[in-house]
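What follows is one chain in structure tokens, specifically the form predicted alone.
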Amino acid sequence: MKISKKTILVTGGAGFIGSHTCKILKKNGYIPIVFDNLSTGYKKSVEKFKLIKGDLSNKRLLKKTISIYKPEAIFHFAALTSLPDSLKYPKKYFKNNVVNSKNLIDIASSLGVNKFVFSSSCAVYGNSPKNPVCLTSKTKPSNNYAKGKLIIEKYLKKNNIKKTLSSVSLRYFNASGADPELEIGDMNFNSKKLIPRIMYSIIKKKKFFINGSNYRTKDGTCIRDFIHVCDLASAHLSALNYLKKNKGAFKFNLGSGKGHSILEIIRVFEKITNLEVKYIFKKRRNGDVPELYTKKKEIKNFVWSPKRSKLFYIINDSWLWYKKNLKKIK
């Protein structure tokens, strides 16, 4: 079998961000090989790509896959991502997000892969006393999901010191939006994330619950930095290009550089859809922080900037995707 030098192994590639990244990889001449157990990913999202159904705990399958396809790099998206669930099921999250990630890193390194792009999270900063956060801000994870991300960042740094695997850890802020061409999008129509929950409440004409109204923010609701999924996808390509020129273990924040409150997001929704969002305040959730957003421009050597991460584009693309798939929404 003739293997292209531009093959990229994409773990969790059938998920929301992974599938958009596969699309941009293909547009740029790369061949994505998707490795996904489909526990939260969707086969339909990657029907144009080679899919290997498997779990990262299966070391034998991982070794076989990497040995056959000899990827130039690995993009690692596979993870459980619910902050509240990470507090309920700490052992499950540790095994899936930490142990399995270490399996992947060790096997990749042993088989000669020297470029690794890791999906980390802004949640590693926890309840930062100062916003916007930057790379020099103190990390203090407030939930098991974020703790796992930080453990893997440190493991990648340790691996780079001992071996030859160079890496970029991308600390995402809140991934949202959808492919503007509406070929793919978030297939989890019952997602617990903010923007999908608002859309679900509008479509089903149900009340939307806001967790907390008394945070020390401009309107009492949480403030977050939202980034368009297509911008995240392009950032992975930039990270790969960065690793072609630089060796080491690097980390970067990926956000729009602006924080938006929940009530502000609701107002934009109402403007775009011309529909009312009926909301009710509930008590705060464990693990939520009042505000978290990053600086707009803090990276000099990482050639990337968000192009579609204005709130209007994020919400409009999400809404168009949901409307297109109304029949699939239960």
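When you see a residue number, it is the position in the sequence shown, counting from 1. Since this is a predicted model, take the numbers as computed values, not measurements.
Another form exists, predicted in complex with a small molecule; not displayed. Remarks below refer to it.
Subject >> Output flag, 37, 149 and 173 jointly within 4.5 Å of the small molecule in the predicted bound form, heavy atom basis >> reply: Yes: each residue has a heavy atom within 4.5 Å of the partner.
Subject >> the small molecule contact in the predicted bound form: residue 32, any heavy atom under 4.5 Å >> reply: It does not: once the small molecule is placed as it appears in the predicted bound form, residue 32 has no heavy atom within 4.5 Å of it.
Original post:
With a 4.5 Å heavy atom cut-off, would you call residue 22 a contact of the small molecule in the predicted bound form?
Top reply: Residue-level check for residue 22: no, no contact with the small molecule.
Original post:
Could you tell me if residue 145 has a non-hydrogen atom within 4.5 Å of the small molecule in the predicted bound form?
Top reply: Yes, residue 145 lies within 4.5 Å of the small molecule in the predicted bound form.
**OP:** Please run the contact check for residue 253 against the small molecule in the predicted bound form: heavy atoms, 4.5 angstroms, yes or no?
**Re:** Residue 253 lies outside the contact set for the small molecule.
Original post:
For the chain seen here without its partner, which of 206 to 214, 238 to 246, 113 to 121, 256 to 264 has a heavy atom within 4.5 Å of the small molecule in the predicted bound form?
Top reply: Of the stretches listed, the one contacting the partner is 113 to 121.
**OP:** Name the single residue among 96, 86, 234, 166 that comes within 4.5 Å of the small molecule in the predicted bound form, judging by heavy atoms.
**Re:** Exactly one residue meets the criterion: 96.
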